[in-house]
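Quick heads-up: it's one chain on its own, the form predicted on its own, in structure tokens.
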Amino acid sequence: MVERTIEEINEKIRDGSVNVITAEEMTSLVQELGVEEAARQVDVVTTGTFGAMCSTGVFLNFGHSDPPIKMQRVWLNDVEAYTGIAAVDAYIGATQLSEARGMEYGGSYVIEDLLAGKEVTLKATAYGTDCYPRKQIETQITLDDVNTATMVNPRNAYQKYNAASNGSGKAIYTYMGTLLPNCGNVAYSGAGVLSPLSNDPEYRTIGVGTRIFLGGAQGYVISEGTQHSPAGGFGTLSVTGDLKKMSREFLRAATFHKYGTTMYLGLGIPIPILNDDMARFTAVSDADITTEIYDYSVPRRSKPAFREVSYAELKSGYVELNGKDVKTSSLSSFYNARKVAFELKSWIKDGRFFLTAPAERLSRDKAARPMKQTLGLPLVKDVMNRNVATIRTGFSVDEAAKQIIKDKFNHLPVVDNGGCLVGIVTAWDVSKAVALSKRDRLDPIMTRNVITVGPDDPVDVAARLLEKHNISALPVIDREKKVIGIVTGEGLSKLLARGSSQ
């Protein structure tokens, strides 16, 4: 059995005899030679990931102006940064949006612009004090002009990530990208076999103080990341590094359509092969790493899972879902993750990167908890009108008019012979058809692409859908698409008005 120390490995880095391979190469080597022989031959295994890491940002120190200012609010290219730190320090987050350009530009773009050497407009306001009399400033700065630009990312390098699909009838726009209706695609994230934490699942060599590759420069693990949930296989890391030393090759801003901005970031961690256990851990394959495909059309944290799936299946391009082959797409770049692992490998072989032992181990049994909510959130099923009238497809406009008059509803869901929703008509649709003497079949005048909610959706989700689509009612359907109720804009307005007056 192999036993070696990090210092022994560092000595081999110094004398040029270290043997370094990537995690992808280690999987093949262990399959060929076995765990024990691979442990004897390999000193370090490098990992890498290159994906959307929203929880990314930079602390900036601008230096003092003359006369000095104690910044109360600050904007960089119209993107607000947080200033509740010190007089001329601020933290700009990757997902903060521009007040002028909205979702097309945000904090991640400011960070990339600074790294690219571009000038950025700094605006700040203040309330003024005796020692900081200035109340506003506007100037142009570059990365060279700031004293420090320290990247501090509260949550990066997810051990693995849930995959996403969309069981509704309309496309939705999420942090997992655009999800096509009726489970038209499956989106996933993470590097699988190259994922840093998947290659050290017990966090034996990755912990506080571990030296890492971050954005093309050396960085460090600060602590476990926010939402660190190793009990379910979803560990995360909080990391830091010097933006001034990073490279745009491994750090790029991006926008997810109708969702917002994010930062694509290259992150890699060397795994020292201290013994046979570490060799076995780093032999993990894409087939060994599994996750769940969830229905992201359900706007709740406790989404229903479609099925378990391996990264090998996801990377194949198609997965079986609900009896059909569904195309998969990765939000991460495996090509760039591999580039990170190879770049880190070359640094170690060339003696430019040495390993560090963790100063403190990360938690192995923690589970992230949901937010504590002291006020109960009403659900659609609590406020919907259950006495909803429907009409079957194929009926006439005259019959729909009689139904609307009889039941005194302005909205009439249209169902098929099995009772499943296929469309909706309004009193206005019917009145217009009658005025134009189009009294025959109902089908031509009904809206087929119906916006719906489920009974367990929060009321505020229903309110947002009404506002977003400029409609006045939402049929409530169950998992079989049977109509079980309806909510209206008028009803929700009354509910919200009562809530605000209490």
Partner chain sequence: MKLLCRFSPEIIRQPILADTIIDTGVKIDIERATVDASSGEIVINVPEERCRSVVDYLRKKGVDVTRLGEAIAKDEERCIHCGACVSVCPVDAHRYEHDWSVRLDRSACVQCRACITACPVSVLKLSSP
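Whichever C-alpha set is largest while still superposing within 1.5 Å between the two forms counts as the rigid core. Positions refer to the first chain, counted from 1. Computed from a prediction, not measured in an experiment: that's the story for all the values here.
Quick note: we don't show the form predicted in complex with the partner chain, though the next part is all about it.
Colleague: Given the partner chain in the model of the complex, answer whether the residues T255, Y264 and Y318 all have a heavy atom inside 4.5 Å of it.
Modeller: Checking in the model of the complex: T255, Y264 and Y318 are all within 4.5 Å of the partner chain.
Colleague: Which single stretch, out of 357-365, 392-400, 197-205, 174-182, brings residue heavy atoms within 4.5 Å of the partner chain in the model of the complex?
Modeller: Selected stretch: 174-182.
Colleague: Just to confirm, with a 4.5 Å cut-off on non-hydrogen atoms, which of F281, F334, F353, F409 contacts the partner chain in the model of the complex?
Modeller: Answer to the contact question: F334.
Colleague: Of S238, S330, T210, T291, which one comes within 4.5 Å of the partner chain in the model of the complex, counting heavy atoms only?
Modeller: Spelling it out, the residue with a heavy atom inside the cut-off is S330.
Colleague: Can you work out whether Y161 and the partner chain are in contact in the model of the complex, taking contact to mean some heavy atom pair no more than 4.5 Å apart?
Modeller: No.
Colleague: Looking at the partner-bound form in the model of the complex, is F62 within 4.5 Å of the partner chain by any heavy atom?
Modeller: Output for F62 is no: heavy atoms all beyond 4.5 Å of the partner chain.
Colleague: Does any heavy atom of Y109 come within 4.5 Å of a heavy atom of the partner chain in the model of the complex?
Modeller: Looking in the model of the complex, residue contacts with the partner chain include Y109, since a heavy atom lies within 4.5 Å.
Colleague: K245 versus the partner chain, in the model of the complex: is there a non-hydrogen atom within 4.5 Å?
Modeller: The answer is no: K245 has no heavy atom within 4.5 Å of the partner chain.
Colleague: Which residues in 185-202 have a heavy atom within 4.5 Å of the partner chain in the model of the complex?
Modeller: Read in sequence order, the residues that approach the partner chain (within 4.5 Å, in the model of the complex) are N185, V186, Y188.
Colleague: Could you check, with the core superposed, whether the Cα atom of K432 shifts 2 Å or more between this form and the one not shown?
Modeller: It does, since the K432 C-alpha is displaced 2 Å or more between this form and the one not shown after the core fit.
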